[in-house]
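So this first bit is one chain, no partners, the form predicted on its own, shown in structure tokens.
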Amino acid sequence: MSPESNVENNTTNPAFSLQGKLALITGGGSGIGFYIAQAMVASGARVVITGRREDVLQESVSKLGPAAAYVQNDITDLQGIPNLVDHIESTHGPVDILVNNAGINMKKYALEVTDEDFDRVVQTNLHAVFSLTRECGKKMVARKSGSILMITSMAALYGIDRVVAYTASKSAIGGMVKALTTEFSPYNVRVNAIAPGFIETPMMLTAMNGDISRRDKAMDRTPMQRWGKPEDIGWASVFLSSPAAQFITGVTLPVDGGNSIGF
């Protein structure tokens, strides 16, 4: 079935439709975040993407079409997050879906990682995620409706060398999903995560091609014997945010071609 057929099905089947929903997607201007935004627009949602680079955001919105808007923002500015959420809701409407996609990585041996290095990764990947989730969560809980989606990593499911700060931050996200689920579920606010496997983005391909042994190791433990596509994360995000997943909360879904259980 072609991607176009999938798009048509998503907009006509109400169980998988995001019609009438507004999604806030951090880091939505490029990479996996852009494909999440694209899939959600194709499924009927309006999206607001955020990021630091305005030129990238402008180009992405032009590709996404009239259902998309952007707000330039540095997610690590924790003090500005309440105003960010208020601005988006007053300008574009209530946020029905939050996708915490923005994140950074750092490849360095643990013994070489400084406190400043560690703090910088955790500030972006964990502290900012919690702050934004808290502020959106306040409004979702009050409305008794909402879906919060975290993007975690294979690094949170098994050990990967030279990414200790990234691993710590993404592992903590898994715990946050469980804790928030216990608090938000009575208010019909669902919290889930996606753990992407090795997804074919320019950054991933550059990294893998620069470390052949790492590339071969990753492929060897992926039963489907191929890299994932960014669209795979986009469609999984649509599913977890849609009425079709209305009784799914507190889970981390690997989208990884079997990598997390491969040998």
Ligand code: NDP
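Keep in mind the model is a prediction, meaning the values are calculated, not measured. All residue numbers are counted from 1 along the displayed sequence.
There is another form of this protein, the form predicted in complex with the named molecule, and it is not shown here; the text below is about that form.
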{"query": "In the predicted bound form, the residue from 89, 117, 74, 135 that sits within 4.5 Å of the named molecule by heavy atoms", "finding": "74"}
{"query": "All of 31, 124 and 152 with a heavy atom within 4.5 Å of the named molecule in the predicted bound form", "finding": "yes"}
{"query": "In the predicted bound form, residue 101 touching the named molecule (heavy atom, 4.5 Å)", "finding": "yes"}
{"query": "The named molecule contact at residue 27 in the predicted bound form, heavy atom, 4.5 Å", "finding": "yes"}
{"query": "In the predicted bound form, residue 235 touching the named molecule (heavy atom, 4.5 Å)", "finding": "no"}
{"query": "Exercise: residue 217 in contact with the named molecule in the predicted bound form, heavy atom 4.5 Å", "finding": "no"}
{"query": "Contact stretch among 179-187, 90-98, 141-149, 162-170 - heavy atom within 4.5 Å of the named molecule in the predicted bound form", "finding": "162-170"}
{"query": "Within 4.5 Å of the named molecule in the predicted bound form: residues from 214-230 (heavy atom criterion)", "finding": "none"}
